[in-house]
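Below are two forms of the same protein chain, given as structure tokens: structure 1, then structure 2.
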Structure 1
Amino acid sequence: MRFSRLFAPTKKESPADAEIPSHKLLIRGGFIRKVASGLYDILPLGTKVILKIEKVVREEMNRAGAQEVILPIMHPSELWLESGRWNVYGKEMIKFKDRHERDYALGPTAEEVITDLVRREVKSYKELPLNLYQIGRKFRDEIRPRFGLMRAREFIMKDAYSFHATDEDAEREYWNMYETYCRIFKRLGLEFKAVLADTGEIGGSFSHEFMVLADTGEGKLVYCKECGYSASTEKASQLRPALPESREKEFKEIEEVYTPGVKRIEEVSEFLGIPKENIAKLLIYIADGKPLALLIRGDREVEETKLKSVLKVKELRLATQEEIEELTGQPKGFLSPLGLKVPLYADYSLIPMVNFVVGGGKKDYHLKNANWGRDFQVKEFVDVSEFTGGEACPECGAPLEFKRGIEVGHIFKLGTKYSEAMGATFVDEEGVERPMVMGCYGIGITRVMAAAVEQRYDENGIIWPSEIAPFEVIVIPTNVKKEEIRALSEEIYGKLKEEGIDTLIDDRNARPGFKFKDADLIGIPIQVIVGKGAPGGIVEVKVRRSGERFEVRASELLGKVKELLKEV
């Protein structure tokens, strides 16, 4: 490809609404352009990256025995009503009516559509197992689209669904997909971790997220260096603390303290001169329309996904100030667990606490030396606090490490949730009709592109892994008007293309510095600079990732480029 013909409108400045590196650099580098909130044009450079990601995904999915299909984007409401998700998936689902007033949705995922296909065509155990996948567009009306391709309303996704005669075979395929995903992300040049995860709205018995490690990631994970345990903070389990034998002997007399205008944990800590871990905060939630209270240590935050899972509810939200006052008769900011008329749950972090501070139940007051069991009763202790690192590993007890990450893949063992609801059955060897056991496996293709940038960039631009770079090599003649430079550049460009190396030549009549900045910004792994050494057949090679530069004879360049591409 010639740069003079390439549609790659690079920019010097980042857009005002871009918050993270991938959003800024993909726009500056001419990979994407914003159409509306959460909607993007993908330009030629971005399209090349996406197609290369898809190529790796297809090769590994096919290698694993999956078969590709193309499913409709429009989903009839009847299928989602069958599964029970039409009214519970949420406002992210984009619904509309056709000209006949029939209800449809733009597919956010495809469990219903694929289950409908298989139930119509597969009747016997002899036709199982089956793993079908597609790569296509998905639609989710995010409440707050942000971070460019990270959280968009329209995106490209690979989603696969497997169907089995037995639970054992479904688990075999689950781990087959686990290994397949590991190969995919290794080939894509990403540093990632596979972590235990919550199954969310998709459902199923267990799941793993594949997270690209990046400081800007919205996802949070913990892992153990000793035993290898890893999980998202939504799923990570904390060890239930042991109850001190002499706990009651340590109780002190409860004491009311005047704390004027002091509401927040930090303020209480400073005012009373005690650490935040000696304070307990009370939160009021509405879970599936019913109120409950949750007590948690002051230096901890609630992981609401875990709380939702523990309570086995579909909808969970914090109560409004009006609801809090109506339910408790207490002012917000001074809520006390004493005398509550709603069920009280407490996080594991409360179990070993003795003589701690809680709200006083009336404005401008707190209570010192409060103790559960004596002063108030707890319905149940639950594991719902968010991990921050340093907690004990639930498998071996070693301290857990905390990282941020970007979810790029998710696999689920679904079981029979959808097949039972939608009548996807088969006849087994004994002639008995049974529901198919299912699995589900997704990869966010456009999100992978953004995640790769979040993990590999510097002050000059993107640093693509060679497997998914828009071009593997860029040939940069420093002066296209000089015959020797132009001729050698064209010769090198031709030879690299003949060898199947994806190459761009910057044949623009522009200053060398301008070309170098574009090459760094776009992030092409290898730069071949043809300049003053051209008369002697010498060129300069720059490795984008390391910044390393060295001179190479043009006659030896091909071998050197092939060698370098294996390393970057």
Structure 2
Amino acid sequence: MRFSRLFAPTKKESPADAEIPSHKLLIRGGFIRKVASGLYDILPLGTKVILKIEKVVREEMNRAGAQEVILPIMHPSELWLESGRWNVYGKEMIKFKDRHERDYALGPTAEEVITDLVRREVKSYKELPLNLYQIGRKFRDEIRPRFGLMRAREFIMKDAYSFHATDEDAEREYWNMYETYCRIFKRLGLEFKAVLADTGEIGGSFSHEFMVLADTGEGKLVYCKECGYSASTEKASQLRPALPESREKEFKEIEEVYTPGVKRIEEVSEFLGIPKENIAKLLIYIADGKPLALLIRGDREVEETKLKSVLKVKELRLATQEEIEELTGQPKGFLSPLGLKVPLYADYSLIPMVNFVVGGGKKDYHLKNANWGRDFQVKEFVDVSEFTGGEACPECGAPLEFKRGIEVGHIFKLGTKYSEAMGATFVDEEGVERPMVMGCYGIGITRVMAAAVEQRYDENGIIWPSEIAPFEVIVIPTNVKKEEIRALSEEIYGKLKEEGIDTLIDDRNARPGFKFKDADLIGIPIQVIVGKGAPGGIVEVKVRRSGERFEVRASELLGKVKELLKEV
């Protein structure tokens, strides 16, 4: 490709509405342009990157035994009504009617459509297992699209669905996909972690998220350096703390203290001179319409995904001020676990606590030296606090590390949730009709592009891994008006292309500094600079990632480039 003909409108300045590096650089580099909130044009450079990511994904999925299909983007409502998700997925789905007033949605995911296909066509255990995937557009009407491609309303996803005769076989395929995903992300040149995850809206029995490590990631994870345990903070579990043996002996007499206007944990801590670790806060939740109270150590936060999962509820929210007063008869800000009429749960963090502070149950009062078991009873101790790093590993006890990441892949063992709801059954060896066991496996292709940038950039621009770089090599003649330079550049360009190396030549009549800036910005891994050394057949090679540069004879260039491409 010739830069003079390439549609890659690069910019010196970042757009005003971009916040994170990947968004800024993809726009500055001419990879993408915004059309509207959460909607993007992907320009030639971006498209090349996307196609290269897809190529890796295709190769590895095919290798793993999956087969590619193309399913409709437009989904009839009947299928979603059958699975029960038409309303559950609700606001996230872009819904519309056709000319006959029939309801449709733009697919946010394709369990329904694929299950429908398979139930119609597969009848026998002999046709199983089956793993089908597609790479296509998905639509999710996000509450708040943000960060460019990171959370867009329309995006490209690889989604695979597998169907099995037995649970064991579904599990085997799950781990097959796990391995495949590891290979894919490794080939893409990304630093990632596979973490235990919550199954969320999709449902199913267990799942892993694949996170690309980056500080700007919306996902949070913890992992153990010692034993390799890793989990999303929405899933990470902790050991139940041991109960101190002589706990009762330490109990002091409960005491009411006057704390006018002191409500928040920080204020209580400061006012009473008691650390937050020895204060318990009480929260009132409404879970699937029923109220409950939760006590948690003052310095800890509730991980609501974990709470939902423990309670096995779909909807969870904090009670409103009015509800709190109605349910407890106590004023907000001074809630006490004593004499509560709603079921009282407590986080594990409460277990070792003794003589702690709680709300006084009336305005402007708190209680000191409260103790569970003596002053009030806990229905159940649950593990629902949010991890922030430093907690003990549930496998080996070593302190966990905390990282942020971008979720680029997610695999689920679904079980029979969809096959039962939609009647996807087969006849087994004994002639018994049974629901298929399913799994599903997604990779956010457009998000991978953003995540790759988020992980690899510097002040000059993007640093693509060679496997997904829009071009592997850029040849930069410093001055196209000088014949030796122009001719040698063209010769090198021709030769690299002949060797199957994806090469761009910057044949624009521009000053060298200008070209260097563009080459760095768009992040091509290897730059071949043809300048002063041209008459003697010497060119300069610059490695984008390391900044390393060296001179090489034009005749030896090819071998050197091939070698470097393997490393970067």
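If you superpose the two forms and keep the largest set of C-alpha atoms that fall within 1.5 Å, you have the rigid core. These figures come from a predicted structure and were not determined experimentally. Residue numbering: sequential along structure 1, first residue numbered 1.
- Only structure 2 matches the form predicted together with the RNA.
- Domain motion between structure 1 and structure 2: of Ser349, Gly148, Ala236, Phe31, the residue positioned at the hinge between rigid parts is Ala236.
- As a two-part rigid-body motion between structure 1 and structure 2, the smaller part of the chain turns against the larger by 8°, taken from C-alpha fits.
- With both forms fitted on their core, the C-alpha atom of Phe271 sits 3.5 Å from where it sits in the other form; this compares the forms between structure 1 and structure 2.
- Superposed on the core, the two forms differ at Val257, whose C-alpha moves 4.1 Å between structure 1 and structure 2.
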